[in-house]
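Given as structure tokens, the chain that follows is alone and in the form predicted on its own.
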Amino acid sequence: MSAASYQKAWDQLPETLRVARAGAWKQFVAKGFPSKREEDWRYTDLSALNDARFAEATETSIVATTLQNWQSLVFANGQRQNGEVRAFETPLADDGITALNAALTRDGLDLRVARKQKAEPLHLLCLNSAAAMTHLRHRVVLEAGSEATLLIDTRGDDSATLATGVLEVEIGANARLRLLRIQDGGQASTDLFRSQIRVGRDARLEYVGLDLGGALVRHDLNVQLCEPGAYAEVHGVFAPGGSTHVDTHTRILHQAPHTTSREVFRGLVADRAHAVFNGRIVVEKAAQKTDSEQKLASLLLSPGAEINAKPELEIYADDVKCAHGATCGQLDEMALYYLRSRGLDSDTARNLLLFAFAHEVLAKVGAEDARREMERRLANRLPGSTAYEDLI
């Protein structure tokens, strides 16, 4: 791969940053973007990024609407719109994408919640437009006994943007993080996001994600249950349409005894969209008394829709309770007929069933205003959404 497409962005960094991040830039030049020859990328092709060109836009025409009664932090094409620019040490990287992000990132969320404190809910809004390239890196630290709710909300227009993001989370003993994510890019956008989360002793992670598509969307969600009593709920809905591509890779690593994980994903794949889901659960030898469940269910809503699903379960301990499974099908015609016989028109009946299918996941969002926002955004992407609006 030639790094010429990204050289200009590197050259524009302040000299102090180029010196500090020279290792990350060399790593990106050497490795480039992952290829389909790698198992984790066999269904997702990044080759179009090798020679892509991106603008240097700092403004956006996307309206920044945030949730009422939530604190907000807004980035427009990678530029902070409120608050002070984050100061952080040289980021780490482990592949070409995170190396590019580590080399070029200039800002991001830096949230630390003190011991036994409860933070105000925070809406992190990232607006990407005007064929811009953005790189943000976020860090969240919850000290022992603390609590926080964070919504990461990415929106895009129809221009060919590239956004990379890295989220690093440390959840201390007896702390609780409610992490929500909405990815709602334009039809030509590329969004590559990595979440790395460590859950401490008797701590709790509650994650709910909603991926609505883009030209190419990839989310790697890695959760480490690294101390006894750690608990994680990892749930999501992906609903690509048009010719979009959504790839979700989850990794839940049980490293200590008496750890618990619950994972439920629902897919709604329409038109000529392509969805990929790879969910891997690993129970290490030391993680006795692990309790883990993973479920994936998907609906193909048109003949051209496609999904590649691969649940994985690796167990190296001998006293565990684990289960996983995946199903894929179409809407039940008898259920549609039943709703039509009760006076509903075709679009309303169809979308009522789709809403019920996705609601098992979205109902896990405890904050009502965030849950309704996620339901509204999902409704806008479903066929016949005008008929669906009265149902939420």
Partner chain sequence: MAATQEMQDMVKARKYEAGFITDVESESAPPGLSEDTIRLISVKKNEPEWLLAFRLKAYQRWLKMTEPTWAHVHYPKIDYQAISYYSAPKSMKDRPKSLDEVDPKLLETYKKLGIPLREQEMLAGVQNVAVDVVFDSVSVGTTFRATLKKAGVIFSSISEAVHEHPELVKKYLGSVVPFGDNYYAALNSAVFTDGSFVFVPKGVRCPMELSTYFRINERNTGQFERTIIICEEGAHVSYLEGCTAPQRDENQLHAAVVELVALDDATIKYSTVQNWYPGDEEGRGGIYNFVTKRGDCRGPRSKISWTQVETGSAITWKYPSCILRGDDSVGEFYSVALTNNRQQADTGTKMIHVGKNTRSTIISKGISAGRGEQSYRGLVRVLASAENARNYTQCDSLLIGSESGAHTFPYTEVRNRSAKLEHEATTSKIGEDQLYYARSRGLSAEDAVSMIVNGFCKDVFKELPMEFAVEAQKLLQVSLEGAVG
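Bear in mind the structure is a predicted one, so any value in this text is a computation, not a measurement. Positions refer to the first chain, counted from 1.
Here the subject shifts to the form predicted in complex with its partner chain, a form of this protein not shown in this document.
Legend entry - Option touching its partner chain, based on a heavy atom within 4.5 Å in the predicted bound form, out of D158, D94, E120, D318: Answer to the contact question: D318.
Inset, instruction - Sort through A215, L136, A76, I307 and report the residue having a heavy atom within 4.5 Å of its partner chain in the predicted bound form. - result: So the residue touching its partner chain in the predicted bound form, by this definition, is I307.
Legend entry - Contact of V29 with its partner chain in the predicted bound form (heavy atom, 4.5 Å): Residue-level check for V29: no, no contact with its partner chain.
Inset, instruction - Indicate whether its partner chain has at least one heavy atom within 4.5 Å of a heavy atom of L301 in the predicted bound form. - result: It does: once its partner chain is placed as it appears in the predicted bound form, L301 has a heavy atom within 4.5 Å of it.
Inset, instruction - Examine M334 and determine whether its closest non-hydrogen atom to its partner chain in the predicted bound form is within 4.5 angstroms. - result: Judged by the heavy-atom cut-off of 4.5 Å, M334 is well away from its partner chain in the predicted bound form.
Inset, instruction - Verify the contact flag for A48: yes if a non-hydrogen atom of it lies within 4.5 Å of a non-hydrogen atom of its partner chain in the predicted bound form, no if not. - result: No, A48 stays farther than 4.5 Å from its partner chain in the predicted bound form.
Legend entry - Stretch in contact, per heavy atom within 4.5 angstroms of its partner chain in the predicted bound form, of 60 to 68, 321 to 329, 338 to 346, 356 to 364: Selected range: 321 to 329.
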